[in-house]
Each structure stands twice: as structure tokens, then as C-alpha cells.
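Next comes just one chain, in C-alpha cells: the form predicted on its own.
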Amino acid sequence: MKAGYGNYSIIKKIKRQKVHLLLLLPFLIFILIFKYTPMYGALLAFREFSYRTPFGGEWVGFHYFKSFFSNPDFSVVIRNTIVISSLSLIGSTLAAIIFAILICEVKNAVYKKFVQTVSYLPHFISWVVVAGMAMTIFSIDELAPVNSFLLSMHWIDTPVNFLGEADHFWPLVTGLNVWKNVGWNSIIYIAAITSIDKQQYESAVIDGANKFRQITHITIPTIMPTIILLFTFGVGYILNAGLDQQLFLQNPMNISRSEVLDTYVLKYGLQQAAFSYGAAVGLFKSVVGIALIVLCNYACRKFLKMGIF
């Protein structure tokens, strides 16, 4: 009898939510086709590639994983990927939080909306355009904006080759990542700050707390769950340093610092038709990403008493 009532209840809920379920259907189909169906191709990491069969021929076990781990480029590619991703994640998170706090302190509504709108624009600019702008702004030419400014201030004696010296690549690509995404990443933080009860700030003002103490004792602790949630998801993408920015800014002079997993897979997995090898590297990235999310969530639950699952 209970099961019968349960089924009847579920049917009633489905009928009541039928419009929302129909709206959700296209997205479920999209995820099924473009996210879950391609996962079958991960089998190629354990098989020899063959044009005769869709997902490979003879099974080879972990052969391509061993080849990748024993490759001399492995340590360099992993180092570059982790450093670039970590710098971008930390820099983007800090910049987005600071920007969100500052924008919420602006009282002029028109100016506030203008700054917010302008800050979102870089997110929609293609990396092709951003790389072209970077090549112009950071060019070794004496008339290029950055070198011209540094020379005029007598901080350098000769123009700096920002794009041609490997030591400058990590700060350069980190700065571009932060600039491109700071406005977009701040949206959720702004929403979180806006939802804070204003009475908390009024009570703090009565108690004599200045603006800095209000931020450190009310704003940041209140949005901490949001920070942890987004940071945990970001850690899961630590091996996704991005393809476009590295590919467009990469050249033979900075390749020792710019070669990451994505560009490595493109060159050796696709351009040289080593599809099984590329699939193995891609699967390695996914497994490490899932493991990092679980570990980060466990650490957050253990030390901060909060997590995403």
C-alpha cells in the first residue's frame, strides 16, 4: 500500500513540475550526447588505435600510461601545468574576492554598474585577440607600451623580451588569466556579499568596527562557504592549464615553461596521430582531477568543517 501511495506521489510531483522538467530536457540530452557519450572513447587509452574499428583494436593494458610516465617530457609538462594552473587559480580567486568586496562598497549605482559591465567584457574576448594584444603590449620593441614605460622610468636599460624569455612566461600568462576572468569570477562573490544581512554591519558600526574589521569579521567569514566551493571545483581542474593561451603565446624560446598537458596532447596525440597515447594522457588528467576534488573536499571537511559533498 505504501509503495502504491509513493508511486502516486511521484506521479503527482512529475505532473506538477512537467513544465520545468520539459525545460530541463534539452540540457540533459546535451550532457548525455556531448559529455557522457564521448567517455566511451576513453577505452582507446587501453587499446591500439585502428581505423577499422571505432575505438581501437588490440588491447594493450597500461602500455601508453607507462610510456607517458617514463617520457623525459613528463616531469616538465606536469610541472608547467601545475604551476600555471595553481598561479591562475590562486590569483583569480584572490582578485575576484577583492574586486567583489570593493565593488560592493561603491555607493554610486550608475558607476557601480558601469564598472561591473566593463569588468565582464574581457571574459568574452577570444584568446586569439588577447594573445595578439599581449604580443603588441609586451613586445621587445622600444616603442611597445610596457618597455617604453619601463625605459622612460629608467627601471631598465634595454628592452625586456617578455614573450621570448622563459622566466617571464608564468607571470605573464597568470596576469592575462586574472585580467580576463576577474570580472566574470566575481559575479558569484558579489551575489554572496549582497545577500549578507545589513543588520550585521549596522551592529558592527555601533560597536565601533571600522570598514576593514567589518570585511574581515563579517564579509569574508560569511562568504567562506562560497570561496571553498569554487576553490574546490578549481582544484579539480588543476591539470587543465588551458590550451588556447599557451598555444598562442608559445614559441621555441619559452617552450620550456609553456608546454602543458593540453598542448602536449595536441602535438603528440593528435598532430602525430598517436590517438591512444593522447587518450591515455587525457584519462590521466581526468582521474587526477577527480582525486584532487575528493582530497580537497576531505581536507575542507576535516579542518574547516564544510565541503561540497
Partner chain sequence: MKITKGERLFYLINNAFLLFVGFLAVFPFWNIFVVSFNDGRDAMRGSIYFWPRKFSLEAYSAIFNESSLMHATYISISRTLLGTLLGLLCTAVLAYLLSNRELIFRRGILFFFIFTMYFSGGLIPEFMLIKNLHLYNNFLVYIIPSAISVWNVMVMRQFFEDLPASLAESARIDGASELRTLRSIILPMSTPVLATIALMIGVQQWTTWFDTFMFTSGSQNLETLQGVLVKILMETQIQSTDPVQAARLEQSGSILTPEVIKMATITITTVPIILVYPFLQRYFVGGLTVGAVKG
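Here, rigid core means the biggest group of C-alpha atoms that superpose within 1.5 Å across both forms. Note that the coordinates shown come from a computational prediction; the quantities given were computed from them, not determined experimentally. Numbering follows the first chain given and starts at 1.
Another form exists, predicted together with the partner chain; not displayed. Remarks below refer to it.
Though the partner is left out of this view, S70 does not reach within 4.5 Å of the partner chain in the predicted bound form, counting heavy atoms only.
Contact check for P145: a heavy atom falls within 4.5 Å of the partner chain in the predicted bound form. Although the partner is absent here, S258 lies well away from the partner chain in the predicted bound form, with no heavy atom inside 4.5 Å. Using a 4.5 angstroms limit between non-hydrogen atoms, K107 touches the partner chain in the predicted bound form.
The partner is absent here; in the predicted bound form, the one residue of L87, V178, I218, A131 having a heavy atom within 4.5 Å of the partner chain is A131.
Between the partner chain and the residues I188, I227, L94, V76, the one pair within 4.5 Å by heavy atoms in the predicted bound form involves I188. Taking a 4.5 Å heavy atom cutoff to the partner chain in the predicted bound form, the contacting residues in 16-41 are R16, Q17, V19, H20, L21, L23, L24, F27, L28, F30, I31, L32, I33, F34, K35, Y36, T37, P38, M39, G41. Once both forms are fitted on their rigid core, the CA atom of P26 lies 2 Å or more apart between the shown form and the other one. Once the cores line up, the CA of A45 ends up 2 angstroms or more apart between the shown form and the other one. After superposing the rigid core, the C-alpha of Q245 moves by less than 2 Å between the shown form and the other one.
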